[in-house]
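In C-alpha cells, one chain follows: the form predicted alone.
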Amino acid sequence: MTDTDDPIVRNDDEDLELSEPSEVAGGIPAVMETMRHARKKMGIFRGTKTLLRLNKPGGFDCPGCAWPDPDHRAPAEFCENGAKAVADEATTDTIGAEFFADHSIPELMEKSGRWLNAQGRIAEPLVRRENSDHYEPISWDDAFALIGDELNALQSPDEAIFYTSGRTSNEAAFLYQLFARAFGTNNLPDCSNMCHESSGVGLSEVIGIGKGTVLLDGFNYADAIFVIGQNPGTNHPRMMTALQKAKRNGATIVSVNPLRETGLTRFKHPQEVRGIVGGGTPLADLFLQVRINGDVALLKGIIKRMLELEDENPGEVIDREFIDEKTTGFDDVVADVEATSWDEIVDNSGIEREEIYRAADIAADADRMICCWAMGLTQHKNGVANIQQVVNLLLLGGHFGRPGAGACPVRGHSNVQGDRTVGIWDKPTDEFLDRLEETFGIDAPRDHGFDTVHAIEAMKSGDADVFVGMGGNFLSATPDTNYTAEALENCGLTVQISTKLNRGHLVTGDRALILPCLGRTEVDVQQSGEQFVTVENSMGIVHQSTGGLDPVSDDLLSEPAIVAGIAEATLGGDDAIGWSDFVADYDTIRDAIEEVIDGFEDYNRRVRQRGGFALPNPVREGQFATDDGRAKFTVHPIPEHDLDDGEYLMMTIRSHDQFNTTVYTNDDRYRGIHNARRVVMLNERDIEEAGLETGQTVDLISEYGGVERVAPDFRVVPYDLPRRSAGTYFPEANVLVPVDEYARKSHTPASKSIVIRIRPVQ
C-alpha cells in the first residue's frame, strides 16, 4: 500500500539559496526583523503601541511561548519571534464574506499555508454548508444552534471531540472542559499531547508532579545548566537572556543537540550596547552533538562516569544522604549502568568517551544544576524514558528542593500548562471530577477520553462525528497528515474557533464552521466592563493578560463567550450552569476555578498583584507526592535504531521564521537556508556516499505497518548533523509520521525519530 500524494502542504518554495549558518543570535539582525514585521503587519504607531504593552504589567501575555517574565522588566520585554507572533495576530487586514465569495475552497486548497495566513484576520462567523465549495456568512445564533443540533443528534457524547490549543486562556479552557463534561465526555485532546505529554507523564511517575520544578530566578544560582533537545534561539528566545545572565554569574552551560544551534553558541542582547557593537556572550561551554535519540545512552554515560568518580572520591560527587532519605531505585540504576559497556554508550550516543567525561565533570562539580529540555526529548517512542533518565541525573546530585537546581521542561505554547491545570485533559482524576460535580451539580463522565492520536483514529473509523477545535491548526500540527485529513473529512461537522485562516479550515466535515474570536492583543469588553484573562507560564506562575487594541471587527466574540454560546445552545433549559453570568464577568469564572482546583485560593485578589502568583509545587520544597513520598530512580534500555543501507533517522524541526504551524517567510536565517522549506538536511559525507548533490530534488519515504508514505520534492541541503541523521521542517514532513508511531505511555507522536529513505526525482 502506498500513499504517494501530499495534497495538504502546498509548495511555495522559490530558488533555494544557502549561506553559512549564523554564529550569533540576537543583535541588530533580530532588531531589524522585529521592526520589519511590526511595521508591515501593524504599521508604525499601532506596532509600537502594541509591542510596548507586550509582557508588561497591565499589558498582554506574549502568545509566542511560555517563558516567564522577570520581576524587573526591560523597556522592550519581548523577543524577535514573540514580536512576529504578535504582529501576525494584530494585523489590520481582514477577510470575510466577500473574500470567501471570491475564493472557493478548492481554489484556496491550492494556496500555501503561508499565503492563507497572510490574508488577514477572519472578521465574521462563516459556514460551509453540505456539498458547498464556499464559506458564507452565518449569524452567531445560527452557528451556535447548528452546533447544538449536531451534538444533540449524536448517539453518544463520546462521538464529539473537543480539542484545545495552548493559546487558550485559563478562563476559556475551564469553561470549555466544563461544557464538555456537562455534555458527557472526557474527549479533550490538546496540543500538549503532541509536545510535552511525555514530560508530564515522566515527571509525574518519578517526582509526583508533571511540571517543572525551577523558578526563573533559579537561573541566577545555578552552577551548571544542561540544555537538552532544545533550540532556545528560535523557539524560546527570551530564555537566552536568562542563560546569558547565568553565564555571567559563573554557570557552566552544556548543550546537547544533534544540530549546533545558533542560539547556544553566542548571544547578543539587543537591549545592551555590547549586544549591538560587541561580540556578544558565548553561552555553551560544551556542545555534545548527540545522535538523534541518543540521549539515554549519553545520560547513562554521564551517570556511569560520575559513579566512577564517586568511587575514586567517596562523598564528593553524588549526594548519598539525599539519595538514601528521599529516593528509591538507586541500586538498580547503579547495576544497570555498570552492566552497560562504554562501547555501547559511545556507539549509541555518537559522543566520544572523553567528551562524556567532560560533561560528567561539569555535573559532578555542580552544587546546583538545572536540566532544561523541549521536544528533542519528548517526541520519541521512548520519550517518557528520556525524561526519566534526565531525572536520574538530577537525583544523583540531589538537585531538587533548592534554588538553582531542578527540572525545567520549556513549553512552546503560551498557556498549554495552564490549560491542563484547569482541566483540559482526557484522563482527569476522580478528585477533580468529584469537585466539578460538587460545584456545578453535573454528572461528570468517568471513562477516559481520546487524546490527540486516538481522536484522529476515532474520526477516521467513524467513532466520532463532531470535531470542535479551540484555536490552533489541528490538521497541520498533527502527524500523518493525509490520514488526519481523511479523518476530519469523515465527520458530520467540524468547527474551528480561530483568528486567522489556515489549511484546517479547508479540510472539513460535511458541514463546517469558522468562529472568529478576539486575539490576545485586543480589548475584551463584556457586560460588567473590560475583562482580563489569565495564563500559567512554564514555571507555574499565574498572571494577567489584558489586550489593548480595538478589535479588528465588531463581529468577533471572546473565547469564553463562544464556549458559553455553544453550551447554552446544546444544553438548553436543562442546564443549571449560569453560562451568561460567567461571560458577563470573568471574575466569576476565576471564583469557580478556585472552588474546584487547589492552589487557586483567593484567585481574583492574588492574580491582580504585580507578577501574579505561583501555584503549589511541593518538589521545590524537597517533597515528592509519589505513592511512598520518595522520588524514583528508574532503569531504561538504550533505544536501538538499526538502520539498513540507505536509511536515515529523521527529526522534524522549526525554522527561525515560523511559530508552530504558522510560517512567516521561507527563510531560516540562523541556519543559512533561504527561500525554501521543503528541504532535507543531511551530513555532507552521507550526501556524497548516497550519490546526491546539494540542491537536488528528492522524495522522502517512510514505511510503517505496510504503508509507504511519501513527501515529494524536497531539496538536499548539507548541514552539520551526525551521520545517518536527517532534519526536515514541521509541518511539511508530518506526512511521514504515522499516527500510531508514538511514545509509550504518553502517546506523543514520535516526530523526531522516523526512519526514512531518500529517492532522487528523475
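One rule holds for the numbers: they count along the sequence shown, beginning at 1. If you're wondering where the values come from, they're calculated on a predicted model, not measured in any experiment.
One more form of this protein should be noted, the form predicted in complex with a small molecule, which is absent from this view; the next part is about it.
In the model of the complex, does M470 have a heavy atom within 4.5 Å of the small molecule?
It does: once the small molecule is placed as it appears in the model of the complex, M470 has a heavy atom within 4.5 Å of it.
Contact label in the model of the complex: S198 to the small molecule, heavy atom within 4.5 Å:
Looking in the model of the complex, residue contacts with the small molecule do not include S198, since no heavy atom lies within 4.5 Å.
S498 versus the small molecule, in the model of the complex: is there a non-hydrogen atom within 4.5 Å?
Contact with the small molecule, yes.
Indicate whether N660 is a 4.5 Å heavy atom neighbour of the small molecule in the model of the complex.
It does: once the small molecule is placed as it appears in the model of the complex, N660 has a heavy atom within 4.5 Å of it.
Which among 128-136, 328-336, 355-363, 225-233 is in contact with the small molecule in the model of the complex, heavy atoms within 4.5 angstroms?
So the stretch in question is 225-233.
Which residue, G547, P258, P189, G398, has a heavy atom that falls within 4.5 Å of the small molecule in the model of the complex?
Contact with the small molecule in the model of the complex is made by P258 alone.
Heavy atom within 4.5 Å of the small molecule in the model of the complex - residue from V563, I302, M375, V535:
Selected residue: M375.
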